[in-house]
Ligand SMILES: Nc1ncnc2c1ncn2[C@@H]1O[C@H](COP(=O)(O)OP(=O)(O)OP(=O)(O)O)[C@@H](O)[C@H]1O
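Heads up, the chain below is alone and in the form predicted on its own; it's given as structure tokens.
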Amino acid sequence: MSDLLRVEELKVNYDSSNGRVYALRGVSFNVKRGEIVGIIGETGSGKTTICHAVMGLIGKKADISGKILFKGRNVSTLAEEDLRKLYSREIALLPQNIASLNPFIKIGTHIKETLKACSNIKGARSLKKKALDLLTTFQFSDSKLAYRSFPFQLSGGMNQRALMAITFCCSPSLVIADEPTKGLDLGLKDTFLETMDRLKGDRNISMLIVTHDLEVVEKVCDRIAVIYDGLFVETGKAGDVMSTPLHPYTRSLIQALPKNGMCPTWGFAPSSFENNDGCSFQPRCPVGKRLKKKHVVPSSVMVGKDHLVWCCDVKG
């Protein structure tokens, strides 16, 4: 599979009222066609900044370096008109929660307005037919009823599926989901996972999912990248990373799952106001805590096939 999205040495720094923020310190990854890639990490690790950078939502006052290549084109060099077309037709954002739906607009209107903006479908009849087809695709047993319903007239699970129908209605090449299960109860989360599982089988979709929820990446993603303090510490196939975590931070995240006893990671995440030039996880690491001096950021080590880890305690 060829690369749909490739990010190379992305760094993002910006000034805030509390000082300079070092959000990303050089991350590189790719999303292949037909692949779902998950990025996991704690709050403040840089996950959402990656989403914003790829979506072109980083403010002009931020300092950005590196490359964001979509279908081989450097996004940062595109003209404004080309960027509008890219983000309205080829790259779509799946909102965090169902509150993104306007409570005063019917579900059918939500979908039709999106279709008008990013597709070539013309005419009220054609737009309605496409909207009804989408609602059927996303498991609405009575698509006509859902079409003429306001969000408050539908259950939370139905609104979750309606959001996904809106996101996928123009067949984007890439869908970016920033914390798609944040704030969802167990039932709504199961609805999301079931829908994603079915989509993987029915469509050749490409997605970048950014989340702190390991259950989501374990069940949905093909590959996983673990981020800590603006740097990746481990990447690989989802099954390999979840079954054989190599970095102590990845292991701590997995041990914190309810099924594994909910053992929290010792210590606290570093401040993003510090431009760390060493291993940021050292103060929380069982091995690193024994070291008297802060060592440099370790180089990547390949273990097996396509399983990378950045750790001084791992040998290839």
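Here the structure is a predicted model, which means the values were calculated and not measured. Counting begins at 1, following the sequence as shown.
This protein has a second form, the form predicted together with the ligand, left out of what is shown; the following refers to that one.
Interface residue remark: E42 is counted as part of the site for the ligand in the predicted bound form, having a heavy atom within 4.5 Å. In the predicted bound form, no heavy atom of V301 sits within 4.5 Å of the ligand. Though the partner is left out of this view, T48 does reach within 4.5 Å of the ligand in the predicted bound form, counting heavy atoms only.
The ligand in the predicted bound form comes within 4.5 Å of no heavy atom belonging to L10. Residues within 4.5 angstroms of the ligand in the predicted bound form, judged by any non-hydrogen atom, belong to 48 to 56 and to none of the other stretches in 25 to 33, 65 to 73, 253 to 261, 48 to 56. Out of the listed residues D240, E218, E90, E179, E179 is the one that sits within 4.5 Å of the ligand in the predicted bound form by at least one heavy atom. Shown without its partner, the chain has no residue in segment 117 to 135 with a non-hydrogen atom within 4.5 angstroms of the ligand in the predicted bound form.
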